[in-house]
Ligand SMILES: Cc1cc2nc3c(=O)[nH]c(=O)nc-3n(C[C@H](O)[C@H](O)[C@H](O)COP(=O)(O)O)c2cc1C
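Take a look at this one chain, the form predicted alone, written out in structure tokens.
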């Protein structure tokens, strides 16, 4: 696969994976790709935990699903990220960012526009929407044959110091390498983020993984092979749109948008 094609096709997998274990050869390729990322002074601050033990995956899935239910029930998730929620294709086309909720069960569709109001939150809780979302999240994580935990060496990750920025930047590059490599291997990947949204839940995962004091757990991802027929889950969102270059590129000054680049370059 050509690099540019992989970059253009890169996406997050919202649906289920095949139950097949991820071959050790493929796991090693993913880690090699991560290790090829750039880092300040070749410090290579990243560390990874490859998780394929079924009981451990189940425990992390339980934490993730429960965290999603709690964050959705108390409204903190919607309040924190409401600027990124889109409920119409027209809004998505105009803004070209955020997440389009175009797939919702019929009983929930009338309440999408009220999701950010106290009344809407009460309706969703009464309909047990947070429980439905949490259960779906738990199933997706539990059904993943592989999890990958990404950590940073605290010798480099020192919040408040410049080295901290360098190390986070490097880990981002390492994970983008992993993300692009999954396309070559017929795999998908998704960030398991909800345990970070609820106080105390991230620490539970750190305990499960025996994270020592000299490492910082930064992220957990679920990975697996993609089925030929990739069916979307019952509650899902899409994010195919990207901002146009004129919306985020400037010409010699932050006050002058770059124009003429909104169309893809000719081959």
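All values reported here derive from a predicted model rather than from experimental measurement. Positions refer to the first chain, counted from 1.
Not on display, but discussed next: the form predicted in complex with this ligand.
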Interface membership of residue 40, this ligand in the predicted complex, 4.5 Å heavy atom rule: no
4.5 Å heavy atom contact, residue 179 and this ligand in the predicted complex: yes
Interface membership of residue 165, this ligand in the predicted complex, 4.5 Å heavy atom rule: no
Residue contact check: residue 191 to this ligand in the predicted complex, 4.5 Å heavy atom: yes
Heavy atom within 4.5 Å of this ligand in the predicted complex - the one residue of 36, 54, 28, 242 that qualifies: 242
Proximity to this ligand in the predicted complex, single hit among 123, 150, 146, 99 (heavy atom within 4.5 Å): 99
Residues within 4.5 Å of this ligand in the predicted complex, restricted to 2-24 and counted by heavy atom: 10, 11, 12, 14
